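What follows is one chain in structure tokens, specifically the form predicted on its own.
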Amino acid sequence: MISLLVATPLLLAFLSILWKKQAEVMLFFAAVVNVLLLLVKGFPNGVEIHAMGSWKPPFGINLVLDNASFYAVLVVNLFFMMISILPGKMKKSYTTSLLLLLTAANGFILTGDLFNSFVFMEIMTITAVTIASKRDNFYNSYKYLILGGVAGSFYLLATVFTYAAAGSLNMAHVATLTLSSGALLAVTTLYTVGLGVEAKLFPLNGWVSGVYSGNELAPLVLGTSVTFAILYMVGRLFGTVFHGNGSETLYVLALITILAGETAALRQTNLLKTFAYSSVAQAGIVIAMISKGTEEAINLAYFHLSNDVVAKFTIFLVAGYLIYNYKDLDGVFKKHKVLGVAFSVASFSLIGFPLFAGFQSKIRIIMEAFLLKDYLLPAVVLLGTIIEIGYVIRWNMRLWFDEEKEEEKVKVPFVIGFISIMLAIILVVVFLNPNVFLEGTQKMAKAIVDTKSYAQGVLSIAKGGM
């Protein structure tokens, strides 16, 4: 079953080149099949692997499904399923890229091999660049391609160093070995840079605003599915494989990222750029908590990430559609009250306003930081929240209450209104019952910190074969 999560979208990506008219159906089919496979499967009891070519670990390539990778791959495929039912105009000419991106994201999460994680990350970057180039956004796509190439080089270099130091590329095997302090410092520093571009860490996040604001599809994909996949790998590498080594650097960069992202968001006059920088800040919060290394801190990191990607999908869906259908957004929500309500709920959830999911994760993060005797992170989060209130209120006031321009009302496709309001309802439901996400993120965090079970599971079980 594990290999199907990668093989199905990959096969359909090739077939979509031959049968272009059926490409949208193939994307929907791939995402739905993967989601159904995962839902039928449920959280695995322990670690399950698929050894390619029956090569037993630590040799060969293997895909690993444990509670951490299960939750991450489920989230990624759910978002792709929603993207697959969006109007064809939003995905025109990019369905094959989306299928390849789904393949790469699933492979990136599931692989138990460092070199193949580099390969899948490269495929993710290249396909994301093609999606970002939609609507002639070539300059920003090119900038993203260059930075992605630099990140890939550092990631590959880190993998080479790991092999030189450990003699293995299997994550579980590396996790059982004792590396010298010098090797650990070099490897974790290189992985920080390698993942930092896609994870939007300061100062490697200069591409975000241009790519996210270039079209309506890129922020939906990059700000949700790709972000979740990358931040999963941050936890897997620094939490499981390298036992928390290098997390101090991550923590410092994450704090700077929070403040830099929020400050940049406040200065923006473009709606998509504002929330692109907001994504940067939220990624900083998640990475800061991952760097703490405790099970509860990692649990809250992914709980906050789950809330953030739901809110961001809503915001980017609403904002992206309206920006490319109206010349002026002043008072536009008077024409589209359903979209306005969904946007407001999602944006207030980002702040951490009571009644919405973001409140549950932010307050728990602050309380956990105090329990860990870290007073700096709560201060930074609270300062970031004050800045966040400024631009969220400003945009809501403008979109709801500014004088409406005499533009003809554009009919919004039913599916956009339906998805946005359903996600907004989920944000309220999670506030009332946080266990909707916490049950999954707790299992995810436990799997990430339990290096012994991960290593034993991978190295002692070798079933399957292509």
Partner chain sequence: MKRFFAILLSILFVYMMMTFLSNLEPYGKIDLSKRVSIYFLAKDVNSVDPDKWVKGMEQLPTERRIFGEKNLEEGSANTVTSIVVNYRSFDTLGEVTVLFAAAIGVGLVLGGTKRMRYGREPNFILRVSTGILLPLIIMFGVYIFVHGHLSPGGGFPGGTVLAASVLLLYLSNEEFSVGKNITKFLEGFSGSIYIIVGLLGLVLGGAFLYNFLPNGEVGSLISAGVVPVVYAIIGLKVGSELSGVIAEIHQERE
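Residue numbers count along the first chain shown, from 1. Keep in mind the model is a prediction, meaning the values are calculated, not measured.
Below: the form predicted together with the partner chain, not depicted.
For the marked spot (Phe59, Glu122 and Leu459), a heavy atom within 4.5 Å of the partner chain in the predicted complex is present in each of the three residues. Not displayed here, the partner chain is kept clear of Thr178 by more than 4.5 Å at the level of heavy atoms in the predicted complex. In the predicted complex, the partner chain stays beyond 4.5 Å of every heavy atom belonging to Leu383. Put simply, Met52 is close to the partner chain in the predicted complex: some heavy atom of it is within 4.5 Å.
Though the partner is left out of this view, Tyr251 does not reach within 4.5 Å of the partner chain in the predicted complex, counting heavy atoms only. A single residue from the set Ala164, Ile146, Leu376, Leu371 has any heavy atom within 4.5 angstroms of the partner chain in the predicted complex; that residue is Ala164. For the candidate set Leu190, Val280, Leu272, Leu74, a heavy atom within 4.5 Å of the partner chain in the predicted complex is found for exactly one residue, namely Leu190.
Per the 4.5 Å heavy atom criterion, the partner chain in the predicted complex is contacted by stretch 88-96, the sole one of 385-393, 88-96, 259-267, 324-332. Scanning 213-228 for heavy atoms within 4.5 Å of the partner chain in the predicted complex gives no residues at all.
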